[in-house]
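For reference, the chain that follows is the form predicted on its own, supplied as structure tokens.
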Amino acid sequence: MEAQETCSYMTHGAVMPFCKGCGHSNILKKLNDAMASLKLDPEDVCLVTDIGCIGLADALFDKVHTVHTTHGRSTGFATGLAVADKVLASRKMKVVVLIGDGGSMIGLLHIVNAALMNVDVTVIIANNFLFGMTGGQQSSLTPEHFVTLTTPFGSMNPSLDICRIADASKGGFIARKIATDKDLTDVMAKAISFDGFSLVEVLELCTEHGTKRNDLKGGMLAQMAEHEGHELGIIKENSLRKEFSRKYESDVQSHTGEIKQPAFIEQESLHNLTKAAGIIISGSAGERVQSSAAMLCEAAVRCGLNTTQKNDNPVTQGSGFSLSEVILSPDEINYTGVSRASYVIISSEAGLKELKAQNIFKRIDNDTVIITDESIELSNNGYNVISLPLRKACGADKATLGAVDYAIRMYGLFPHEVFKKVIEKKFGQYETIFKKEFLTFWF
């Protein structure tokens, strides 16, 4: 391997870390030349690299900002960087993504969304038709009949045309080139200078896996693209759409209409808790289990407590169980989920069944208070059980709410009057939402 010549953006004396003949070396040299032709201030350039061989570019460019990201997510990171600069900072940043064909498929939705937003990001896809760093496996950009580690008899699928996807996603500048094209520098420069989303797919050779398994030479890449029905050259150059930050300015920052302000929960009372309380609430789906837990949390916040709510329910939503784990604490809570339950509320047999299925009873001890509907039978294991006519006195749809109301009233977690107000905000007058039997039993 030969030392790379000193240039304006690359590390002095940088040595290309790729296999001999790998197209990545040429892509990075052409990228450097493109940035130099645009005379970009290095401080205004950010290279966002993906996992894979192309991600080794970070160490080769020490004059510009570099961010090495998780596999497939580089375009998402780049989108955030570009938007932040354009909306909040200098508006000068040029963000370039270096991603392989494997990463581009893993993070395809990030590319699609960046194109739909028309954010000022240039995505360069180094397409050598396979996952090079991990052994030469097939990717979605592998051409039909192409041999890889995972397609030893040739790929049965045609390759995805990512340029068409970018076009369908309203991307403004789209090109497909070959790594040895003489005008690759110019095309990259046009893509970077384009005011909006641009994508350049560069076809190249992987000399470690691609050429060893296929009768393949660089001169065949154009023919391969033609066979797959993939157009070469600058496919689209359309600047009619506003770049995202300009659209943001016109549509959001200059908005003169009324904007509904978010509602904040304000503290109106004090609480009596000296330590965290874990409350597990379980019942039947569709019987306001989770909304009752949410009302409990709202009332607790109104009394100055910190809260978390972790919900669980089946995919079908309307049948089976519904479960909420609530933590109330005077101190900051750094997790969700109750490790030790101070209170357990069970308003139906479906709720009991789920508690058993999730081994919730391993999270209780002799101090745990269990509030159940009178129809539920628990084996006598020394549990501290309070059995109430919840479903009979409150109705199935408010049995859980009644149990929560009881717990607050009886154990003084915080002033009941606050919870009463929260209930009335949702259902109306407190004395009219439950059956008379409920109020008679309580008082």
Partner chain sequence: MQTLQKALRSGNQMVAEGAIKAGCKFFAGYPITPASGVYKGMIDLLPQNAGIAISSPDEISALAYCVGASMRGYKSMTATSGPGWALMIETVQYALITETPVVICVVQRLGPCTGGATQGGQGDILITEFATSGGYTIPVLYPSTAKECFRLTAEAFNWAEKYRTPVVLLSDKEIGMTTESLDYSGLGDLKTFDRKTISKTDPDFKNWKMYGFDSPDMIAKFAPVGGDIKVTATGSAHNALGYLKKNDTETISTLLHLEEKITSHKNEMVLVNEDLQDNANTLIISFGITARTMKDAVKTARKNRINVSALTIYSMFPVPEEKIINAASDCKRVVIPEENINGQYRKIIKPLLKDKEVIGINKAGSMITPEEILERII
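These figures come from a predicted structure and were not determined experimentally. Positions refer to the first chain, counted from 1. Rigid core: the largest C-alpha set superposing within 1.5 Å between the two forms.
Just so you know, the form predicted in complex with its partner chain exists too; it's not on screen, but the next bit is about it.
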From the candidate stretches 70 to 78, 97 to 105, 347 to 355, 161 to 169, select the single one in contact with its partner chain in the predicted bound form, where contact means a heavy atom within 4.5 Å.
70 to 78
Give me the residue from F194, Y343, F146, F244 that has a heavy atom within 4.5 Å of its partner chain in the predicted bound form.
F244
I234, A222, I333, L216 - the one with a heavy atom within 4.5 Å of its partner chain in the predicted bound form:
I333
Is there any non-hydrogen atom of V83 lying within 4.5 Å of its partner chain in the predicted bound form?
yes
Flag D33 as yes or no: does it have a non-hydrogen atom within 4.5 angstroms of any non-hydrogen atom of its partner chain in the predicted bound form?
no
State yes or no: in the predicted bound form, is some non-hydrogen atom of E298 no more than 4.5 angstroms from a non-hydrogen atom of its partner chain?
yes
Just checking whether L240 would be counted as a contact of its partner chain in the predicted bound form - the rule being heavy atoms within 4.5 angstroms.
no
Note that its partner chain is not shown here; using its position in the predicted bound form, name the residues of 100 to 126 with a heavy atom within 4.5 Å of it, in sequence order.
L109, H110, N113, M117
Is it true that D181 shifts between this form and the one not shown by 2 Å or more at the Cα, once the core is aligned?
no
When you overlay the rigid core, is the Cα of N214 off by 2 Å or more between this form and the one not shown?
no
Given a core-based superposition, decide whether the C-alpha of G154 shifts by 2 Å or more between this form and the one not shown.
no
